[in-house]
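Listed next as structure tokens is one chain, alone, in the form predicted on its own.
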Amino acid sequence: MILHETYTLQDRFADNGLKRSVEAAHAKLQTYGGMTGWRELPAQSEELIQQIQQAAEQIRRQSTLLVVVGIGGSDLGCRAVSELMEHRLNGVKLAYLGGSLDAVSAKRTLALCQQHEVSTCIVSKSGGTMEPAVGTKLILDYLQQRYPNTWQSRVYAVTDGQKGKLRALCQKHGFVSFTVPENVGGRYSVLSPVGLLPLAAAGADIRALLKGAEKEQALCETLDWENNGALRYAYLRNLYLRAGRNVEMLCGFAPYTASLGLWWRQLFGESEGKNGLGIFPSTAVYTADLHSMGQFVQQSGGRLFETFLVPALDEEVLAVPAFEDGNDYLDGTELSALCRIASHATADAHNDGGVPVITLEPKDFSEEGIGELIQFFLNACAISALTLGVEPFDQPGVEAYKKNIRDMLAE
């Protein structure tokens, strides 16, 4: 992963031993154990990949729509990857349930089902989280009514290998199922069956996705500041935080980067936001959001920094046609060139306002390029959190609202 430092303004901030702290965090991660199984996911077994591919082929034979039931790490990664490459996918369409408690959204998804042959992929390690439990009830009831004799064959599950409500449901009805690795947390799980099964059904080349991740993981395990961009990214984030910049904006330059921003936001927010520490992760889609948030960013008063996501290679070529509208300076210019110029111009402007800009440059948004990007962020997040001194792999604060809801329902 190429990380550009032209606009980082890091010479304005004191290191005070931070580089040594990042190196220590990197070393700690290499022997951390616990919930670090995501580091091995890119090299998972060919047997498992074949099983996922076989299930995906079965889904495509029986359906044109796959309803993914999950919340947070159980669906955000899948959404992010599928939207980045949606224009190139030729498998089933993906829809989602279980990410909210909103009746309008649920009814819209169920109405969409009426236009397709339908299967579902239920993703939940326990099967007991309330929102996906509601989604599960809705989609299973729908499938039972529509396919009374064959509905079980249209249900796929990714859950705990031994225990939990969803595992019990799989055993009772004979659903095709896959296991969430015990040492991989939800927000780190997109390259496990959690993301790979629906992505394969949608037509993604999951081997290429894993190949890119494996390539990046090899770089991330080295203490090589020149080639290990995850080290430098973790360093810059903590450098700015120590200077009081506790808000980071991840800014893509295309609408289809929006879901990637949501996945990134959960990854860093849940991993670092503990004990009154951490950087608040925010997202934007430029250039559109420059017309709504640009003023705030430009004159934010030293509270934030930005990370731009600009692919090195352009997948599509489209030139601006000539038309007598008074904007002749645009005629014949390729949109990709305009987008790149806009990213540099924005970084220059925000630098002038004192806002540091980190630029990440994945080679492209192909499966391999996306795999590299995912593994880059996973490593950078873990190193950044360990540098900060927090546990990267738990989320104790998430349980409070769930308990309150259960208590209110009981009343």
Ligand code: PA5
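Quick caveat, the model's predicted, so the values are computed rather than measured. Start at 1 with the first residue shown and count on from there.
Absent from the display: the form predicted together with the ligand. The rest refers to it.
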Of the options T283, T109, Q217, T129, which one has a non-hydrogen atom that comes within 4.5 Å of the ligand in the predicted complex?
-> T129
Tell me, out of N183, Q266, T179, Q298, which residue has a non-hydrogen atom within 4.5 angstroms of the ligand in the predicted complex.
-> Q266
Taking 4.5 angstroms as the cut-off for heavy atoms, does A157 touch the ligand in the predicted complex?
-> no
The ligand contact at I71 in the predicted complex, heavy atom, 4.5 Å | yes
So in the predicted complex, does any heavy atom of E270 sit within 4.5 Å of the ligand?
-> yes
Contact of Q395 with the ligand in the predicted complex (heavy atom, 4.5 Å) | yes
When the ligand is placed as it is in the predicted complex, which of 309 to 317, 117 to 125, 249 to 257, 330 to 338 ends up with heavy atoms within 4.5 Å of it?
-> 117 to 125
